[in-house]
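Take a look at this single chain, the form predicted on its own, given in structure tokens.
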Amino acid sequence: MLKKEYSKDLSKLNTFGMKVTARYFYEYDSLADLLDLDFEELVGPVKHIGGGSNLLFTGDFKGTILHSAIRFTEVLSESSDEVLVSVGSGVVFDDFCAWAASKGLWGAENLSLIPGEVGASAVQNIGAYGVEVKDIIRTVFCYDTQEEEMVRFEVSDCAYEYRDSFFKHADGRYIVTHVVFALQKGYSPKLDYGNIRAALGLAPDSDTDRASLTPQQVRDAIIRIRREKLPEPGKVGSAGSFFKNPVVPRSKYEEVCASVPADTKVPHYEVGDMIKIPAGWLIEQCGWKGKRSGNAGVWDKQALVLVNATGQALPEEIVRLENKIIVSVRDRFGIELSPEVEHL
């Protein structure tokens, strides 16, 4: 069924809880309904959204918002090592993670509790705790709004990079309808990022008995870690990680190390010849953690997260706080932060 609404309240379709509206809103729950849309007749601009978890609406949307309610999870094939699963673009991504863990399948557990939907996950290349969604994507199926036909992209076609993809630069031409994920049957946890081992009660370099660790246990640990650091979705408005973690030359990393007290350890991760420094750490060093600016604020448990602190924040308050933080980090460390969150 195709649902059409005018002056649609979007406050529950963006996790920041911005009180904005869309001039037109269409939601479809089948490919047939999507194909029935006449894209040339839609009032522009046209934007397709998922769960609104990586968006900041900067005001009322004057055009048309599209949203997928295509929801299914179907096993396509199974070998001795791998299971291919097709998932509709409107499925809540964490529901898919829960499904995979319940089946004892590896690959999605580190991505647990990331807000949003499956279609948007493939566009944004979401990631957490050493895993990106591109690591488990096999194929992305889309509707090409220009050629008016279905197309498929193998993962190698998607130009995935850190929080980026081919789709993000295609001006909305491709609408994801479903994604095929490749999940593993064999023991393959990723435990070496952050404090996952500690959350599982494992020593830093331990090689636990393979029979004693399951995808569900890793998922549960990831959920505990995220809930300790991040606002509870639906209770405190946010878009999760607001800024990208900057990847800088080693010389810049060494400059940062030299700029802080000798006993201060700068967290970092090797990325080829470059170094990734957590944006949250940089922001915290500038004194922003837990601070408020009007109705907007920085989460007191994770400085990477900007929040609608009172539930009444206006879009311009979030943007103002964002800009203040960017200037602070630039002035202190000479590093330019870039938002991960898309501004509309």
Ligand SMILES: Cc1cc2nc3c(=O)[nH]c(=O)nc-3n(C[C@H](O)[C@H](O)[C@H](O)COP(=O)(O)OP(=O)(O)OC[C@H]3O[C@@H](n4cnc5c(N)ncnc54)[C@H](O)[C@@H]3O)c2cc1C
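Numbering starts at 1 and runs along the sequence shown. Computed from a prediction, not measured in an experiment: that's the story for all the values here.
One more form of this protein, predicted in complex with this ligand, exists but is not displayed; see below.
Option touching this ligand, based on a heavy atom within 4.5 Å in the model of the complex, out of I136, I225, C158, I114: Contact residue from the list: I114.
Position in contact with this ligand when the complex is considered in the model of the complex, options V180, L191, L230, V248, heavy atoms within 4.5 Å: Contact with this ligand in the model of the complex is made by L230 alone.
Segment that reaches this ligand in the model of the complex - one of 264-272, 182-190, 99-107, 127-135, heavy atoms within 4.5 Å: Looking at the partner contacts, the answer comes out as 127-135.
Proximity of V176 to this ligand in the model of the complex, heavy atoms at 4.5 Å: Yes, V176 sits close enough to this ligand in the model of the complex that at least one of its heavy atoms falls within 4.5 Å.
Contact test in the model of the complex: G51 vs this ligand, heavy atoms, 4.5 Å: Residue-level check for G51: yes, a contact with this ligand.
E342: touches this ligand in the model of the complex, heavy atom cutoff 4.5 angstroms: Yes, contact at 4.5 Å.
Interface membership of R292, this ligand in the model of the complex, 4.5 Å heavy atom rule: No, R292 sits far enough from this ligand in the model of the complex that none of its heavy atoms falls within 4.5 Å.
Interface residues of 66-105 toward this ligand, as seen in the model of the complex [heavy atoms, 4.5 Å]: Heavy-atom contacts to this ligand in the model of the complex: only S89.
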